[in-house]
Ligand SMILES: Nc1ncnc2c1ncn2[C@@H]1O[C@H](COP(=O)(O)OP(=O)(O)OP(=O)(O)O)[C@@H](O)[C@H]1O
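So this first bit is one chain, no partners, the form predicted alone, shown in structure tokens.
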Amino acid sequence: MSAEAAQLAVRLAGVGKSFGSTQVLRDIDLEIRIGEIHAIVGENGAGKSTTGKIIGGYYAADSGRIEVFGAPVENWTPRRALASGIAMIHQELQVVPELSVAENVFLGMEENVGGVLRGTEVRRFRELDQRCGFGLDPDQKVGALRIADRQKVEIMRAIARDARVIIMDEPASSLTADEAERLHQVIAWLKRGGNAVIYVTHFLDHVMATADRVTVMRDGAVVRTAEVADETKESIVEAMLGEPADVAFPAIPPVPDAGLPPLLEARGLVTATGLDGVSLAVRPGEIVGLVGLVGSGRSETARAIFGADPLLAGEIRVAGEVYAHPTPNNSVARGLVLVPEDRRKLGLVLTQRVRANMSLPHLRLISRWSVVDESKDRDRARELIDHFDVNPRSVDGDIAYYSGGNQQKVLLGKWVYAKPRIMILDEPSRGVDIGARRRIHDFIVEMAAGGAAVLLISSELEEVLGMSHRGYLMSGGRVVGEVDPRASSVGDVLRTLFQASEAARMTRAAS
């Protein structure tokens, strides 16, 4: 073995992969060095996650050769990959909701004597958490955790297995800026220990700040691999898209007339999920951001307005009329829709095809005597696929195998199907690449320009401030202020939120 080969953790040579008649990878050549952080970037559908899954043993390559620490591998599976020191953290989390945090982290690694479990997971967890610093409760059921905390469980599980190569597929997609910084500290710690980290991401700022090298993919092929020090954010985007980069937010419509009555209004909403008197209003043509730290009540506000969570007190008005006893079905009938933060769990039916996912809430519009008009269904699906640039472009595509960005476009198509007048968007660009993100931002502007009221929720403060006319600040299930995005910086907003969070903590402690 040459000295150069001895420095390689993973090598792919001429790797190809197809799903049915769709070729997703073409002649992939890739080298991952021992002890490096290697980012893989590209638009959704470029093949970056598929490449990661082939390295992790979840997909079998149709052609080409794979080498791990200098040795060729065959019949590669996740179990064999793990035994060889390769672990993968998936974008769509692989956790057992009914088990505790500690049980998930050490699943399959439980200590036992004669087949009897010793119950040492909590102690081992606390030792591991001293290194990671995530501060999770080892006894908490994972099903009760937010997405961000479930992501941490996945990261700890890989670290617990002493993997020498860790593939992270969009690990920061659900994390706040502070949590992402903690993640990057863990990644740096892994690198110092001689581990290789394959970092599949759409956050180019994270790539520039964290990675040693970056591989850019487009249309199932490698465009180039380069030292991050030799790249800029703009040069990477241009390589991803195959055209000059434009990473700015689109111009939003003019601020609506302040005299217009609200199209959506919430007054003093209280729920069992933690809302404590939330009030807000959105006028026609207005994009209003809901800004807060994790646990502030943003998603809970969206679910209460949509009718997914019952109200204990308060009132919702739609176009000035009281909307009593909201439910998801009644909301859709009123033109009020919610794009949820977890597209796979709450937004899509992965066992159904693309057009079925789009038309499911709107069957009455394409049915006669309770029989679906297949022609109308296909025509509307084609319109939306073209409008959102969904790939593959088949109305009967198997959405379970679509990239995250294309799944998100289908989810948006589902809710724009009947041309709603009020849209609540909870993390609409989570886990998507810069191309899909740009299309989603254009869509938000289109909706507002057409007179819809848009309530935008995002963990990325830059996105909320860049896309909103106004913003409500939330903390502890309450609205604690209002912000003018044109006159506020991210730092200003964060300071206000941290101050509100600390004040709420002190109030709870005193009561």
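This is a predicted model, so every value here is computed, not measured. Residue numbers here begin at 1 and follow the sequence given.
Keep in mind that the form predicted in complex with the ligand is not shown, yet the notes after this line are about it.
The ligand in the predicted bound form comes within 4.5 Å of a heavy atom belonging to Tyr401. By the criterion of a heavy atom within 4.5 Å, Phe498 is excluded from the residues contacting the ligand in the predicted bound form. A residue is said to contact a partner when one of its heavy atoms sits within 4.5 Å of a partner heavy atom; Glu463 fails this definition for the ligand in the predicted bound form, lying far away. Shown alone here, Val493 lies farther than 4.5 Å from the ligand in the predicted bound form, counting heavy atoms only.
When the ligand is considered in the predicted bound form, only one residue from Ala46, Ile54, Val68, Ile457 comes within 4.5 Å through any heavy atom, namely Ala46. Think of it this way: in the predicted bound form, the ligand has a heavy atom of just one of Asn406, Thr215, Gln151, Ser299 within 4.5 Å, and the residue is Asn406. Using a 4.5 angstroms heavy atom cutoff to the ligand in the predicted bound form, all of Phe19, Thr50 and Tyr59 count as contacting. Contacts to the ligand in the predicted bound form (heavy atom within 4.5 Å) from stretch 196-210: His202 only.
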